[in-house]
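Quick heads-up: it's one chain on its own, the form predicted on its own, in structure tokens.
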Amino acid sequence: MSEPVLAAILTRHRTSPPNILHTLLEIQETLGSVSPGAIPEIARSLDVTEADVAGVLSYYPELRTAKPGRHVIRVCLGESCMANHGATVLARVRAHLKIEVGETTRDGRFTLERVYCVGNCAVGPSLMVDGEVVGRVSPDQVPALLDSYP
């Protein structure tokens, strides 16, 4: 982790009461992930325990402890998407990329995550690639969709 960048972020987030989640989100936004090795420094800076920081880091699935691939795919598993075969879309993505949820392809091209709603319920099943929502995804569309990303 870049120490001067982390220090600058931590300086900006010294508030009372501390907001651990906002701090971790900015670290991730800036550095790509939150290194577990930085937990002690974050805890000292925010005047909280290491367990507090580790708890927030492990609770929110949006927070990562490793840098993601060039493209992040989030398959929606909300109620509407599940009712419209979202699990089948997820299975097709997993099979096409040969990775499980939470993993990154060997070439670093894709990271696969699940999300529980992308706000696109009317046209589920949906997935997001790099924040772009795609609706009415069928399993047969998955290879062409993913192959369109460099």
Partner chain sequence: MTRLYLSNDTSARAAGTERLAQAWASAPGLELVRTSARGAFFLEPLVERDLPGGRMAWSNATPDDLPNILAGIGGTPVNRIAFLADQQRVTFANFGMTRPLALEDYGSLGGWQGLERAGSLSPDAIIGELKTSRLRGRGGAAFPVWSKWQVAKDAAADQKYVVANADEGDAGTYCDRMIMEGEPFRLIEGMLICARAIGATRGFIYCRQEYPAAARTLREAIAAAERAGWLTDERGRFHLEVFVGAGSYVCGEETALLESLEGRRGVVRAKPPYPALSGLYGKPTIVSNVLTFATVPSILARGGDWHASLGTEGSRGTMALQIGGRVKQPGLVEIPFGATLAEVIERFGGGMAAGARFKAVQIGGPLGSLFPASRLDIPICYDAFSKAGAILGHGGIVVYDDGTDMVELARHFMAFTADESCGKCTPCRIGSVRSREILEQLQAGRSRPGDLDLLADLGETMKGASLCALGQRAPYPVLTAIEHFPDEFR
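All figures in this text were calculated on a predicted structure; none of them were measured in a lab. Numbering follows the first chain given and starts at 1. Rigid core: the largest C-alpha set superposing within 1.5 Å between the two forms.
The form predicted in complex with its partner chain exists for this protein as well; it is not shown, and the discussion that follows is about that form.
Contact residue in the predicted complex, from 55, 102, 36, 108 (heavy atom within 4.5 Å of its partner chain): Going through each option in turn, the one that passes is 55.
is_contact(residue 62, its partner chain) in the predicted complex, heavy atom dist at most 4.5 Å: Yes - in the predicted complex, heavy atoms of residue 62 and its partner chain come within 4.5 Å of each other.
Residue contact check: residue 95 to its partner chain in the predicted complex, 4.5 Å heavy atom: Although its partner chain is absent here, residue 95 would stay clear of it in the predicted complex, with no heavy atoms inside 4.5 Å.
Heavy atom of residue 27 within 4.5 Å of its partner chain in the predicted complex: Looking in the predicted complex, residue contacts with its partner chain do not include residue 27, since no heavy atom lies within 4.5 Å.
Residue 138, heavy atom within 4.5 angstroms of its partner chain in the predicted complex: Residue 138: no, not in contact with its partner chain in the predicted complex.
Partner contacts for 107 to 125, taking its partner chain in the predicted complex and a 4.5 Å heavy atom cut-off: 114, 115, 116, 117, 118, 119, 120, 121, 122, 123 sit within 4.5 Å of the partner.
Flag for residue 72, CA shift 2 Å or larger between this form and the one not shown after aligning core: No, because once the rigid core is superposed, the C-alpha of residue 72 moves less than 2 Å between this form and the one not shown.
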